[in-house]
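Below, in structure tokens: the form predicted on its own, a single chain.
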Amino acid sequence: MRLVVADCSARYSGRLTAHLPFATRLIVVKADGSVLLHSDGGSYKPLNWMSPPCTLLTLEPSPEQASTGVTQVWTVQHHKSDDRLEIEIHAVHHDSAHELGVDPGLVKDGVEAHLQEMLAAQIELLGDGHSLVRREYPTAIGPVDILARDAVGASVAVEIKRRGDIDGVEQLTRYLDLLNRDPLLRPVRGVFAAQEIKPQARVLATDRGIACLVLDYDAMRGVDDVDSRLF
């Protein structure tokens, strides 16, 4: 992982256009190729980012850019789309690289862990004929919650959240990119499962060919058992 604190501005182009004015920011370049720009606020979310697969090139500024104080230009180009993130660096205050190694992934507890356990036991909720391969299927960036096979034997990767938002869809997208590189698994389709899925997350998932599944926690636990009701 590379951490750079720099005075910079940035422009994102492609499926959307966005601009970050000049300011001091933290730029994170991860081993998977992703590039994220952070401010000193706004919680954990980056101001802008490029997800892998992508390529980062460092270029000399044009004469016009140099005249405004730009010392280098980072161009981050996505491999599968026209999306591009261009970062104009004016001054670098810190630049360091750190080898973090392979992360074991998030160890889930509470409701998400229970949802994963129950969905694995009730894998037919994904559809008739589905079978469980394993829970916590490992990838280079952490384990995907469930790997299953559908009625025709095709691979299905399931990411489970309590509340499904855009970050969860992005996480599953990264898993799918890695899993689809394995000739023994591909093609792998994705299912984003949660108790509640935000509209923006559903739109993004649909755009990426990922199915959405709303999980009824009480029904899966057997709390809401219609057959056991007196009235």
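Numbering starts at 1 and follows the sequence shown. Remember, predicted model here, so these are calculated numbers, not experimental data.
The same protein also has a form predicted together with the DNA, omitted here; what follows describes it.
Stretch 48 to 56 is the contacting one of 170 to 178, 48 to 56, 22 to 30, 186 to 194, since its residues have non-hydrogen atoms within 4.5 Å of the DNA in the predicted complex. Note on contacts: among E136, D83, D150, E112, the single residue with a heavy atom within 4.5 Å of the DNA in the predicted complex is D83. At least one heavy atom of R162 is located within 4.5 Å of the DNA in the predicted complex. In the predicted complex, no heavy atom of G69 sits within 4.5 Å of the DNA. Using a 4.5 angstroms threshold between heavy atoms, R15 counts as touching the DNA in the predicted complex.
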